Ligand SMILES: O=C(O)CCC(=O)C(=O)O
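Presented below, as structure tokens, is a lone chain in the form predicted alone.
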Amino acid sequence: MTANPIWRHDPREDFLGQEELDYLFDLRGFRVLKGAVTPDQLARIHAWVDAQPLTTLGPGDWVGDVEVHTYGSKDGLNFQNIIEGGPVFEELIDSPSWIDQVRRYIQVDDHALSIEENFLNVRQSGGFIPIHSGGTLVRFTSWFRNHAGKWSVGQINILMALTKVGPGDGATTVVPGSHKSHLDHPQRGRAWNPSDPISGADALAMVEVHLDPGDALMFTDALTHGSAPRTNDGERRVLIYRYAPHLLANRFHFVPSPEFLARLTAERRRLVMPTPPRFRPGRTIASDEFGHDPIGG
């Protein structure tokens, strides 16, 4: 098997105007944002991860209001609802490195944008995510359109590299332009076969996106993507925030804790809970109303 082609960021793109950036995003479905996370933020994020007992945590465990989760047996540990993990994760909710671009492409007013999912992933050797998504899927997150000069994108992902992601590190892989494909990726339908999943390293037309610590990959979820297996020792650490119109509910139905909401700025609160629940006077969410824990399911 030959190695994936490598996507190398062209430094000239850091100086392009908005018209040129729009064209490239429309053409490829992704952009690399260099230095999107500051060294100070990286240090504080790593300090949080290093404080966790990674060898003993497993799916279903909780770290405060952060849930430990996995999509499968090979993708590492996900810390879901990581925005409740501390101040540094709150800062990134509306990071100036990307929030204006996200708003531009999703094209909603300030009260209608939300974070659909947010998690920190720690992956060791052998782990990967099979290929998934694509422009042929009929679902809200695969919506990608520009009509009469106005954008309408169903979901934009910001994948932040916390460690260097290079050869053998389990890089994210994408098929450039696949968000507009009229044909399904030939391997997507069997990519998640438990006995023989298809990684990004084995999929047709995939390219690896290598990132330095602090870089972010901004891409539409309509893009066919996945990751190559990590073959190096050590860990791959990434942080992913997925933004969408408020019509798309939080993927895992997390209800923000009152303490968390109280700490947020008004801007961040609108992103975390763009449509606050409404009740008649005196009524609140309580476990006994549902017969089970409404947060944990």
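Not measured: the values here are computed from a predicted model. Numbering starts at 1 and runs along the sequence shown.
Keep in mind that the form predicted in complex with this ligand is missing from the display, and what follows is about it.
Contact check at 4.5 Å (heavy atoms) against this ligand in the predicted complex: all three of Ile129, His132 and His225 pass. Residue contact with this ligand in the predicted complex: Ile240 places a heavy atom within 4.5 Å of it. For the chain shown alone, Gln80 is not a contact residue for this ligand in the predicted complex, no non-hydrogen atom being within 4.5 angstroms. The closest non-hydrogen atom of Ser178 lies beyond 4.5 Å of this ligand in the predicted complex. A residue is said to contact a partner when one of its heavy atoms sits within 4.5 Å of a partner heavy atom; Leu159 meets this definition for this ligand in the predicted complex.
Of the stretches 197-205, 151-159, 179-187, 86-94, only 151-159 has residues with a heavy atom within 4.5 Å of this ligand in the predicted complex. Looking at 197-220, the one residue that comes within 4.5 Å of this ligand in the predicted complex, counting any heavy atom, is Phe219.
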